[in-house]
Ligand code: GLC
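Okay, so here's just one chain, in structure tokens, the form predicted on its own.
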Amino acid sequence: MKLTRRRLLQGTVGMGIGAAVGRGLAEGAPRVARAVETEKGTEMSIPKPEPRIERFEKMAYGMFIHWGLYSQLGRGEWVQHMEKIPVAEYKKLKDTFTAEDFDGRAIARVARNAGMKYITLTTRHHEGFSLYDTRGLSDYDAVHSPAGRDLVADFVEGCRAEGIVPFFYHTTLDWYQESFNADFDGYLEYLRKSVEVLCTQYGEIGGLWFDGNWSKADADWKEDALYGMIRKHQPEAMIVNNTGIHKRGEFGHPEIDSTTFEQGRPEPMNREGMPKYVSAEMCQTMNRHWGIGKNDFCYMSPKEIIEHLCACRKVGANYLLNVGPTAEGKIPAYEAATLERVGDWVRMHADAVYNGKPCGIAGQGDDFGLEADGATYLFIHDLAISGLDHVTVAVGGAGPRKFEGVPDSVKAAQWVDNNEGLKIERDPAAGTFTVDATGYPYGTNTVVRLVKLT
């Protein structure tokens, strides 16, 4: 791949991050990809990820929590905006916010049972109400409500007790603060001080997840100052800033550590020539709302969640799946049960899920392969159940599945779930590897079935 100097500075075309190379990065800047001279011209290497990004990618699967005053209304997190509820009326919800069922450790236990490694909590959403003690910045927070306590502190303590990494979502858009429209520079100072509280009062955190810059796309959000402050207090924290549904996968400021894919499966990332290794994360709701929707019955099944998780890992992306707690702060029963069932699948395939990375193995249809610390796994979709016709329902095909890119060193294959050995065949001329995917034993269907190659 021949690159001009201009292309070298830009990185991947249309992805924007390279524009920041010339003006420099904050302290602790990532290692830059180097141009490699070859007989064919200048080729770009893939930059090495920072340790925090490597750790993040190995977490693989996380829980998103949207919870706030809006949860009392049960009509989604955008209810104030959608129903044009005046601020003076809406803020009365603070007076009935008890959080009586909110238990950080119980929530973290749900995540752990689901196979999730981290939780991203909405410490403040667009409504402007904070779940944490803002230390005098505002009285529009949990400690000034009937809850009477710092709910983020409870959350962090619960996460650490259960071995879960806490992440903080924080809005940049604010419907409550008048300064957001009247004095934007003043608002940004308030925003930075708010985030500084999160960076200094709760110990080491996994990352900050921002959302709302899209509301003023042409404004100067002074991201250098915000991210520089975060790096000062939390140098190992991931920094994410959601680009929204219409700009999935786009890069922004050079301090951003992960792109976002809101409500849409991630695409493969081309990191050749990028000045920094950036990860990817898909965030998605279990139903059609981020905050609880009492009349929203359109929930995903364990099957759908497993398929989305696999689609994310196929391209090396994390999967951040949302739950909407009740007004009092408890994860609804259906969501908790569904997540626990998916957790059973994750535990069966833990090595491939957490450690698997794209390795150039491609299959037919949705099938794909990952490499995990020396092991190779094939992900088989739409497999049939073996058995008599009158007691089974076919959901796909058993039989030969072809792959390209499987290492020549592979000599054997077996199902991960029952260790059954499988026949394999190579076609050197076509460059294909074929595994005879036998059907599920009666009583079994893992949605996506994994083959381990040795």
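Numbering starts at 1 and follows the sequence shown. Just so we're clear, the structure is a prediction, and the values are computed from it rather than from any experiment.
One more form of this protein exists, namely the form predicted together with alpha-D-glucopyranose; it is left out here, but the text below deals with it.
Asker: Flag F184 as yes or no: does it have a non-hydrogen atom within 4.5 angstroms of any non-hydrogen atom of alpha-D-glucopyranose in the model of the complex?
Answerer: No, F184 sits far enough from alpha-D-glucopyranose in the model of the complex that none of its heavy atoms falls within 4.5 Å.
Asker: Since only the chain is shown here, I'm wondering whether C283 would be in contact with alpha-D-glucopyranose in the model of the complex (any heavy atom pair within 4.5 Å).
Answerer: Looking in the model of the complex, residue contacts with alpha-D-glucopyranose include C283, since a heavy atom lies within 4.5 Å.
Asker: Residue-level contact is defined here as any heavy atom of the residue lying within 4.5 Å of alpha-D-glucopyranose in the model of the complex; does H125 satisfy this criterion?
Answerer: Within the cut-off, so yes.
Asker: Evaluate E77 for contact with alpha-D-glucopyranose in the model of the complex, applying a 4.5 angstroms cut-off between non-hydrogen atoms, and reply yes or no.
Answerer: Residue-level check for E77: yes, a contact with alpha-D-glucopyranose.
Asker: Just to be sure I understand the contacts: of Y132, F368, Y169, F102, which is the one whose heavy atoms reach within 4.5 angstroms of alpha-D-glucopyranose in the model of the complex?
Answerer: Of the listed residues, the single hit is Y169.
Asker: Counting non-hydrogen atoms within 4.5 angstroms of alpha-D-glucopyranose in the model of the complex, say which of Q234, S194, S71, N242 makes the cut.
Answerer: Exactly one residue meets the criterion: N242.
Asker: Looking at 378-386, 283-291, 225-233, 148-156, which lies within 4.5 angstroms of alpha-D-glucopyranose in the model of the complex, counting heavy atoms?
Answerer: Selected stretch: 283-291.
Asker: Which residues, if any, of 202-234 lie within 4.5 Å of alpha-D-glucopyranose in the model of the complex when only heavy atoms count?
Answerer: Contacting residues: W209, D211, W214.
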